[in-house]
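Shown next are two forms of a single protein chain, provided one at a time as structure tokens under the names structure 1 and structure 2.
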Structure 1
């Protein structure tokens, strides 16, 4: 780009720009041109003539715009296409002012989180109360019990979950047996592998593994199902027809998962014990017959009932939390993904809390 300063007929200084004012043409002289143009722009009486510029792109226009101080000079001559380009630059909104640092921001965030958690707790309690009223109604009207919905929940959360729970349970049993046997061999206490596997799997790992897998698999499915019904306005349609959400959608899920969960716990614990037994036979040479005969002697039956109790409580809690977050989803896809994620995380956290409560309350039960 060429820059020439000439005097016009009326004596007003005139700056004539010509050539190509594009990024490729000005690449090597951007800084020098910027300083030179800024110097010329300091004269408010200078007449700018840009009609001789053959080609002007956004980079060249921005160079001139910055030299002018983000406003047009008083005397300016442009081509029509250049006029539109500088109009667009003039309509660019100003950069927002920097937000001052909020020293109370962390405290405010903690407070908002606390209020949100309290709101969810109140919502879950209200939903549980409504379910109790629905149970009272169904007891007096047994023909209204949604058997089909309960059976569907049993199939989806129980039968369809047997594959993944069996795989995870078997692998956990193998790993636990292999690592424990290596340590027991050091002290010649090979036989105690049965005690370790029996108590740890039946009392703790079986219920925990099953609950976590069901929370991630079936809990997320329940939340997503109710969320999609919210997005597609099916919940509103049910309300218009006078069909209660809690009785037809939520109560069958809670009852079904409360029945299916103990069965899944039994299945997971059994497969995990099989995996541990296989690893113990390979690593320590303990026969399968000896493992089974010894297991009933070293693991009291109270551990099994404790595991089934955990399964019932965990299953109903997972279903209640999943349905609560499903009903809280708004009519947009972003809320659907966020609600499903929050539901799974909350359900898994609740399962761990339930396991800790059971461990504290029944610390003296089932321990020889």
Structure 2
């Protein structure tokens, strides 16, 4: 846009604007132009001539309008289209006030968190109750059991998790075995590596590793799946078809993960033991055969049952928590991200709490 000041014949100063006065044309010089126009606008006798402007859009008009102080200058000549544009500028509605900041906000937030936790606990219990009713219904109507969905969950959470759990399990086994054997060597108690690895991996590490990995992997995907179904209104579509979410979406996940989890636990523990065995052979020279034959002597079989039991409970808990948070997601992407995070954090915490509870209840079981 060009600004030209000319003195007209009757001595009135005239400001002639020409060129393109649009957002794209002005973009870089917006600030400087605004200042320049404001200084011109300070002179009330100035005659503004906008008829030479080729293109004027609302941003350009707004620039002039603001320079004039939100009213038309006394002397102004416009094209008819520009006339309409400035008419529109005359009454811009103000955006509604954002909700005023609450000074007690932080304190209230603490209280609300308490209520929210309570709300979640109640929600999970209600969901679990609903699922029990669904199970009761399915027992009497066995043809309605969602086998397909259960097998999909088994495949996704079980079969597809084998790779990552194996890798992590093996590495943990190697590290644990290596570190312990160095300590044991100094006391000449090499052979106890089998006790240490056997009990710690089968009873604790295997189930915990598997549960944490599955909570991160499958828990997040379950929450996200339900959340996206909320965002895209698929949950509502299911509801109007009379297909209950709990029976079709949630129950299969809980049953599926309840079956898959102990198997993943078994697999993780086995691979971790293999890792430990390899490291023990390299570090201490314990043969594989010896390791195997001692293992069944020093680790009571009860430990294995305990691990599988933990697997079933933590698997079902992870699925329940993930589905609960998935259903709570609101239809926007931010809530989706937030809900997934909370779900995974809660699921992992819950798994650790379950482990602690098992440890207390079964403190006398399976220990020589």
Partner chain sequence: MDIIMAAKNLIIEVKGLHARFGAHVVLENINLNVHHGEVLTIVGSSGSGKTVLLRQMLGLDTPFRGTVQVFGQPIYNGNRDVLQSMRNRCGVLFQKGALFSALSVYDNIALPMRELHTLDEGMIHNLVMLKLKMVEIEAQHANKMPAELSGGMIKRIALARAMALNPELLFLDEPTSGLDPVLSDSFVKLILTLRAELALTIVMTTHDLDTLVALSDRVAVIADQHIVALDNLRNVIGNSHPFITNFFGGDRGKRALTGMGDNF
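Given the structure is predicted, the values throughout are model-derived calculations rather than measurements. Residue numbers count along the first chain shown, from 1. For clarity, a rigid core is taken as the largest C-alpha set superposing within 1.5 Å between two forms.
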Q: Kindly point out the structure, among the two, that is the form predicted in complex with its partner chain.
A: 2
**Q.** Two-part rigid motion between the two structures - turning angle of the smaller part, in °
**A.** 31
**Q.** Once the two forms are fitted on their core, CA shift of residue 38 between the two structures in Å
**A.** 18.6
Q.
When the rigid core is overlaid, by how much has the CA of residue 104 moved between the two structures, in Å to one decimal?
A. 6.8
